Each structure stands twice: as structure tokens, then as C-alpha cells.
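Presented below, as C-alpha cells, is a lone chain in the form predicted on its own.
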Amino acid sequence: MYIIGENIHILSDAVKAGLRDRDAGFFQKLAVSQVEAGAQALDLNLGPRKKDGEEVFPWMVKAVQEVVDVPLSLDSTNLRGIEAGLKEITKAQPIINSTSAEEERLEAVPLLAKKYNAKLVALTMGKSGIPVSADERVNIAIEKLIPRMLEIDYPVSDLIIDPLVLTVSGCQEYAPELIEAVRTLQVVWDPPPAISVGLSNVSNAVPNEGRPLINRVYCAMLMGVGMNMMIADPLDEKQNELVRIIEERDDSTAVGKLYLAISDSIAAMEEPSIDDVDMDDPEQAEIWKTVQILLNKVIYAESYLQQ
């Protein structure tokens, strides 16, 4: 699993304070901790930064590059800020996060990626927003995103399609559609572009204590359809262990065996079976209940684990 560390994110109060104070040491420590935990790239999501983007992105890149050598993903809608940051990248091939299929973005962002030899995350989203169905998301990729790359002679091998994870709180019915989009995107182009998701988006607006479990179960399901890249929290040790269990097919524990059964069922386009679950084991019961909300079989509520 190729993990792009998500922890330098403007929604974090600590990140906001670090940017305000230009605390390079804070960001360097956060960068190192993510890489040491297994992140193979780092997402630097600093928001639009309309007033100071052309100063803050280069500052951030310089600070982080002093302590890590992994690719940096510059995550913003501010193209001038992204370009200013790209000019300072001297180590690994950078990533631009992101373009969409909106005409203005699709015209400009791929050209910037080509100019700076950057990989490019492309969202399956048009002017009208995020499509509901898997087919609609796949169609945006094959009818708009990939053709634009070919038009400008941008290598599809550097393209990363993001079919957009939506939160189980409020958009629950779309969680299975994302699974099918990931499955389908791998067979619609030869060779297929890379596919990545923002894993923790699935648990946005969920109470903090419940988020890691939802993220992990969704990760197991998505790995079943071939996901091998994600923007996620590399500091979540249980998530890292889940990835290891599925990659190594380690069924030596009851929970590991259950996660493998869930992943394998999704891979086979079958529903996971309660026959694989020991409901007397609280951990297995919580995993099973989480599968049910992610498959839209049971309505999500904050108290779903107590039902």
C-alpha cells in the first residue's frame, strides 16, 4: 500500500497555529513522524491561502525537504501557490493535488503538472459536483480526464485518479458506489492510471472516537477491489496492521481472518457473510456492524455500534 500521509492539513488547529507562527520545527517533526510510520509521500494541504500562498508553499516545501526525501503532494486550489512550491522541490517527483473535470481546472492544472514533471491527482468531479453513481465517476475519468492528458502529451503513468470518497454520515448510500468505481477504473484503460482515495473522508463528521474503525473497515473493503494507494493517517497503527494482514494474507488471528473474509467477499462481488463473524467477540461485532453501514444495509447513526 502506497500511503500519502494526510496529517499536514489546514483543518487541524495545530497546523493552523504552526502556519501562523511559521513554526518550521513543528512541521518537520510531523513530516518525520509520518515517514517513520510508513508514509511514502506527504500531502501538504494548506488550503487556498489566497493572500500568502506564493510565500507559504515555498516556505513549507523548504522546511519539510530539510528532513525527509519522500515525494511532496501540494494540495490547494491556489495554482500560483502550488507553482511557487513546485519551484522549490529538489528531491522526489512532486504531486499536484488536484485537478477536476471542470473546464478551467482541467485546462490549466495538467499543463502545470507537465511543466514541472509532477504527478497529478485528478478528481472524478465536474462543474455540477460529485456524481452519485460509480458509472458516472468512471465516465468522467475516461471521457474527460484521461483524454485531456493525452491531448497535452502528459503521461498517463503519472496520472492518479481519485473517484472521491464521501462521508458515511450524510452520504451513506454512496459508499458502495465508490467501491465499484475503484473496481471498474482498473479495467477501463490500458495501462490503467493509478487510483487513490482520501480514506478518512469516509468518516468525516463522525465523532472522533469512531472514525478509525470506519476508516479501517472501508480500507479492507477497498483493498478487496485492488486499491493500493491512499491519502491516509500513517500514524494509525491499527490501520497499518490491517494493511499488513491483507497484503500478507495473515489469518492467524480471528480478527485478521474476518478482515480477509470481508476483503475477499468484496473482491468476488459478494456480500460479506455473518457466518464469518463471531458476534460474541466485541471487536468482530463492531467490524460487522461497520460493514453494514458502509454497504448501506443499516442506517448510520452515531450510536450504530450500540444497536
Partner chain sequence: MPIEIPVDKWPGTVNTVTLGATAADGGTRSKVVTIGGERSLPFMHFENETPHPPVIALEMTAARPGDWSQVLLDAWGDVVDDPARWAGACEEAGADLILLMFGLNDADGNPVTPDFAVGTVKAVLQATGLPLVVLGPGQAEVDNEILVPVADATKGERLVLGLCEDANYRTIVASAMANGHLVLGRTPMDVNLAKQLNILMTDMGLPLDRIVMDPTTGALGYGIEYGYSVMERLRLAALQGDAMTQLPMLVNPGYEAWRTKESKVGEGVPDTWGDWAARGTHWETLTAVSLIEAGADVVVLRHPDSVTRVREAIDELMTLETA
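Positions refer to the first chain, counted from 1. In this text the structure is predicted, and so the values were computed from the model without any measurement.
Another form, the form predicted together with its partner chain, is not on view; read the next lines as being about it.
Trainee: Counting only non-hydrogen atoms, choose the one of 194 to 202, 118 to 126, 146 to 154, 168 to 176 that falls within 4.5 Å of its partner chain in the predicted complex.
Mentor: Heavy-atom contact with the partner occurs in 168 to 176.
Trainee: Between I10, V298, A285, A24, only one gets a heavy atom within 4.5 angstroms of its partner chain in the predicted complex; which residue is that?
Mentor: Contact check passes for V298.
Trainee: Pull the contact list for 214 to 229: residues with a heavy atom within 4.5 Å of its partner chain in the predicted complex, in sequence order.
Mentor: Stretch hits: zero.
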